[in-house]
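There is one chain below, alone, in structure tokens, taken in the form predicted on its own.
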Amino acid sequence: MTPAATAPSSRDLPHPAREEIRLEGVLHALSDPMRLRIVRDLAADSDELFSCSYFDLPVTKSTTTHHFRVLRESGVIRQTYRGTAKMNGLRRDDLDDLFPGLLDALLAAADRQSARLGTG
């Protein structure tokens, strides 16, 4: 990460700058079913920010934290503090600019798979 993308204080979280987001990092982040579920939920209302506790994931708190960190460090989401809560938002504009149509194609494929399997 460039110096501009590093965290200037202990309350700021490091995020890659737009030009540092790599396709293989995004695909890796979205290859996990729990992380894909988080992104699908964020994409459903991409203008809103949601706290980590909003997501009812069937994993431990430490595993949930890991999933959010992978999504943030790959550039898929942006996390900011609001009080003591980490708020999460999809970096749709960055992803759409860098990889046009990728996010929409992946989300549509996930929706089709979910319908086919009768899940989430």
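Residue indices: 1-based, along the sequence shown. Note that the structure is a prediction, hence the values are computed from the model and not measured.
Omitted here: the form predicted in complex with the DNA. The next part is about that form.
- Proximity of residue 59 to the DNA in the predicted complex falls within the 4.5 Å heavy atom cutoff.
- Although the partner is absent from this view, residue 43 stays clear of the DNA in the predicted complex, with no non-hydrogen atom inside 4.5 angstroms.
- Residue contact with the DNA in the predicted complex: residue 27 places no heavy atom within 4.5 Å of it.
- When contacts are judged by a 4.5 Å heavy atom cut-off, residue 67 counts as touching the DNA in the predicted complex.
- Of the residues in 32 to 56, those that come within 4.5 Å of the DNA in the predicted complex through at least one heavy atom are, in sequence order, 32, 34, 35, 51, 52, 53.
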